[in-house]
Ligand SMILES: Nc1ncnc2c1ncn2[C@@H]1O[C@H](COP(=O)(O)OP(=O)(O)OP(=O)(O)O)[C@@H](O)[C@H]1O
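Take a look at this single chain in structure tokens; it is the form predicted alone.
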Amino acid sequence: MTIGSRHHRSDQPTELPAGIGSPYLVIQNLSAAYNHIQILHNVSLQVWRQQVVAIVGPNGAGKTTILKAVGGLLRPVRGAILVDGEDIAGLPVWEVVRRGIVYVPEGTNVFPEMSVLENLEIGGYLHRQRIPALLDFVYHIFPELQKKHKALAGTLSGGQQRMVVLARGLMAGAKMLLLDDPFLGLSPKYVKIFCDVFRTLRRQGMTLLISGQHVRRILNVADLAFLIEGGRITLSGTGPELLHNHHLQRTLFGIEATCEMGDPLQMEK
């Protein structure tokens, strides 16, 4: 879909990418509020399996609110959140997680006095019988964590702690990760590692919905992207389309950072 400089209406569904099938996540006319102040206004978007999807926008535009609503951390005022055709809007977090939808907050929110292994095991509380297999999976994705599995999480570097946070989400049996500003505070070394990890996760069938302020980094890994302004979706397209869109550049002028990974991800054939 080519968007040029014209806004894509938020009440129209995103075009279906060829060869992907039915959408996995459908958000319909979603409105949400904090402390009786409305943040989202009739947001509609669609996400397909095995996509990396970006939501970018100014501070306070509603990026994190969308993720929290999908993840069950915020009850919408109105609207539907359909996952595989089931409306999960308003379900408690544990029910959303049980369906494979896992919110991963920004920052390095680890249990510092617990070992890396203990932090990961907490993530697998809904899948206790699967913990050994899930540990094998996350150690394959993050070999550094296997080497540090006995270390206290609070002694790790910031990048390693961020690995623990993401790996803990994977331990929850995630099919779709809701990643809130995953590049926040990372060195170039760890930006590259996480970009490669996102590519690997998608190749293995996972869907990733990413929001944050690091616009170039996020759009460079996005197959599909949305610009949100004032709680409304105003642009949609591929990551590169939005990255080069004049309206987005004007709206987000001064937001910094780039993902050092070459060309945007290409869909697996």
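All residue numbers refer to positions in the sequence shown, first residue = 1. The shown structure was predicted, so the numbers you read here are calculated from the model rather than taken from an experiment.
Although not depicted, the form predicted together with this ligand is the subject of the following passage.
This chain is displayed alone, yet in the predicted bound form one of Ile39, Val26, Val215, Leu201 has a heavy atom within 4.5 Å of this ligand; that residue is Ile39. Distance criterion of 4.5 Å from any heavy atom to this ligand in the predicted bound form singles out Thr64 from the list Thr64, Asn220, Gln50, Thr238. Of the candidate stretches 54 to 62, 201 to 209, 41 to 49, 240 to 248, only 54 to 62 contains residues with a heavy atom within 4.5 Å of this ligand in the predicted bound form. Contacts between 27 to 41 and this ligand, taken as any heavy atom within 4.5 Å in the predicted bound form, involve Tyr34, Asn35, Ile39.
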